[in-house]
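Okay, so we've got the same protein chain twice, two forms, each given alone as C-alpha cells, structure 1 and structure 2.
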Structure 1
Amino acid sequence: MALPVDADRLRADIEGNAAFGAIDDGDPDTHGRTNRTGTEANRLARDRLVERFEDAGLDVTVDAVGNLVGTWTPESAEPDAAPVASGSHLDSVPEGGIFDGPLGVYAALESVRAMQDAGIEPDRPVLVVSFTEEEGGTFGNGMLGSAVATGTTDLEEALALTNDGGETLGDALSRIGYDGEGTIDPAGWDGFYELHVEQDTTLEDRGADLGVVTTITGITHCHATVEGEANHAGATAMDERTDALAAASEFVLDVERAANDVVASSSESAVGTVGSLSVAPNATNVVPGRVEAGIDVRDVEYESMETIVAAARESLARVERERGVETTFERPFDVLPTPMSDRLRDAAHAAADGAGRTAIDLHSGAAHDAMRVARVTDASLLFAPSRDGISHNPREWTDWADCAAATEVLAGAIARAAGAE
C-alpha cells in the first residue's frame, strides 16, 4: 500500500506553525522558534492546529491539561472501535528548531488527509494528537501532557505546576483558552505512532529514509551538592582550603569516566553527563564554598544506568573522605528504558517497503511522548533524518523531501494498523 502525501501541504503547515514565536537572527540558514506552553505564540499555534483539524473534517477535543485531539471517524470505521493515534507536540525549547514536535503533529494530520484523498477505508477511527508541554522547562520536567494522560502524573498536581513567573499551568491554559475537560485515555487506543526528527546522524550517515525505533532510552536525573568552606582566595593557604568546586571537579570527571567504562565494557549506547553547575558564592576572589550539580544518565539498558549512578555515589563518598567536604545525592527523576511495539514496528517496515523507502532499526537517546504512551498501549517511534544531527537549535533542519518521505511511511503504517489493508 502506497499513500502519496501532499509534500507542499505538509511544508506549508510546518512553516505556518514556525511563524509562532519565530526567531529572526538575520541568518538565512537558521529557522528558530521559541514556543513555550501558555504563551501567546503557543495559543496561536494551537488555534492554527484546531483550524487545520476542522478543515480536514476532524472532531476536535481539548482535555483538562490542554492535550489537543482531532478525531477522524470515516463511514468505514466502527465508531466504538479502539482508535489508532498519532502525533507529537507543538511546544519548543527556548530558541529551538521548527521540526522538533510539529513534524510529528502535522505528519499525523497529513497522513489522515492522504488516506482521505486516496479513498482509504480504515476499520478504526484515527486520532491526531498534540500533547502539552513535552519539552519541559516551563512547567515540570517534560512529557507532561502524556504523563497525565497515562496516569503517571496526577492532573491536579500538573495543573498546580508553576512557570518562572509563578503562574500555574491551570491558569496559563485558562488564559489562552485551552483548559478543557477530563483527560484523554491512551489506554483505550489500539496503538500510537510518533514521528520525530532523529536529533542524531545515524539515518543521514546510512542514507536511510526512516528510522524505526526499537527502544527509547531510560533517563535518570540526579542532583548532587558539595559543601566546603568559602574563604578568602588570597589569605587562605592552599593546604587550609576546603574547596567545593575542586572536589566537584573530580566528581564531574568520575561521572564521565564511569560512563566511558560502561560503553567500553557493556553498552555502547550509555551516556552520563554533568550538565549543570551552580557555584557559590561564585566570586573570583573567594574559595568556592558550595556547588550544586545536575547529572543526566541515559541508556537502553537500565543496568548500565544503575552502574553509572552507583559510580556517582561512590565518587561523592570518596571526595568526602579525601577532601573533607560534605555531600548529598538525590535522584528525583527516573524513567525506565521503553521498548516499542513489535506489531507497530512491523507495520512501519511494511509501509516503508510498500512506499519504496529505506527503513532501519535504531534506538532513541532522547525521551519522547511515545515512551509514556507505551506504558498503557502499543506505541511506535519513527525518525526522519536530521541534518548534522543538530536539534534544540535554530540550525535544526530536515529536508522537505525527507519530511514527506517519512510522512508517507507514517501514513501507510497508520492505515495498516487501522485495518485499511
Structure 2
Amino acid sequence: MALPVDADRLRADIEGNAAFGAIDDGDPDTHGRTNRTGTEANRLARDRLVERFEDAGLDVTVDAVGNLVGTWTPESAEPDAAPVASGSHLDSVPEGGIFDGPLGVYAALESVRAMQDAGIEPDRPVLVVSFTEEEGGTFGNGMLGSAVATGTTDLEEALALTNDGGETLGDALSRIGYDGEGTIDPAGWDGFYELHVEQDTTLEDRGADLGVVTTITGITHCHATVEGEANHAGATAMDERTDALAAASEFVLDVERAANDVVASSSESAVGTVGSLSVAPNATNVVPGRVEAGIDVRDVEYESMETIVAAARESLARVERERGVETTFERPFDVLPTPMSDRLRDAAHAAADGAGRTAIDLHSGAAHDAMRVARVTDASLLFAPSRDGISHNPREWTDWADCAAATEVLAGAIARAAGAE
C-alpha cells in the first residue's frame, strides 16, 4: 500500500515554521534559525502548529511542561484504544537548521492528513506530538519535555530550570501561553514513531530513502576543569609557568585519540568530542589560569563509552603529574544505549516496501525524544537523508523530495501500527 502525501503542503508547513527565528546571512544556500524555548520565535512556532492541528480537525492539548499534542480520533477507532503517536520537536540550537525537529512534527501531521485524504480507517487514535526543549542549552540538558512525560525528570524540577536570563521554564512557558495542565503519558501509547534528519551521511552515501534506527547510542556528558596559574605572559619564563590551556590542549587531543582508538579497534560508531572550552582570564598577554571543558561521548556499546571516559580521566591525571595543574572531572549526564522496537521497525520496513522506497538499518549517534519514549513503550526512530550530514548549522539541508518520500513511509508505518490494514 502506498499512502500518498502532499509534498507541497509539507514543504509549506516546514518553510512556514522556519520563518520564526530565521537567520538571513545573505547566502541563498543556508537556511538557519534560532528557536529557543520560551522565546517569541518559539511562541509563534507553537501558535502556528496549533492552527495547523485545528485545520486538520485535531483536538489540541498542552501539558504542564509545554508538550503540545494534536489528537485525531477517527470514527473507525475505539476512542479508548492505546493511540499511536508520532512527532518530534520545534525548538532549535542557536543558529541551527530548519529540519531538525520540525520535519518530524510536520511529517506526523502530514501522515494524519494523508490518512484522512486517503480515507484510511485506523483502529486506534493517532497523536501528533511536539516535545518541549529537545535541544537543551536553554533550560537543562535536552529532551526535557519527553523526560518529564516519561518520568525521567520530575515536573517541578523541570519547571524550576532557569535560562541565561534567570527566568524559570515555568515562567517562560506561562509568558508565551504554553503552560498547560498535567503531563502527557507515553506509557499509555501503543507505540511512537519519530522521523528526524539523519545528521550524518550514511543514507546519502548508500542512496537510501529512509533509515530505520536499530539502537540510539548511549550518551555521556562530562565536565572537566584544569586549574593552572594565571601569570604575566612576558615576565613568566617558560619553565616557571603552569599553563592551564596547554594542559587542556593535551586533554582535547587525548579525548580525540581515545575515540579514534576505539573506532579502530572495537566499535566504529564510537565518538568522543570536547565541544566546549572556556579559558580564563583569556587575554593574549596572560598565561591561562583556568580552563573548563565540556565532553560528549557516545556509542551503541556502553563499554566503548566507558573506555573513552576512562582515557579522559587518565589524561587529566597525567597532566596533573606532568604539568602541575589541578583538575576535576564530573559526569553529570549518562544515558545507556537504547534499542528501538522490533515490531515498529518491521512495520516501517513493510511501509517502505509498500511505498517502493529503500530503507536501511543503521544506528543513531544523536539522542532524540524517541530515546526517552522507549523507556515506557515501543518506540521507533526513522531518518531522512541529510545533505553532507550537516546539522546544528544553517547549512543543514534535506531535499523536499526526500522529506516527502520519508513522510510517505512514516504515514504507512503509522497506518500499519494503528491497525489500518
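Only the largest set of C-alpha atoms that superpose within 1.5 Å between the two forms is called the rigid core. Fair warning: this is a prediction, and the values are worked out from it, not measured in the lab. Start at 1 and count along the sequence of structure 1; that gives the residue numbers used here.
Structure 2 derives from the form predicted in complex with a further copy of the same chain, whereas structure 1 comes from the other one. When two forms of a protein are overlaid on their rigid core, residues whose CA moves 2 Å or more are considered shifted, and A187 is not one of them between structure 1 and structure 2.
The Cα shift for V287 between structure 1 and structure 2, taken after rigid core superposition, is 2 angstroms or larger.
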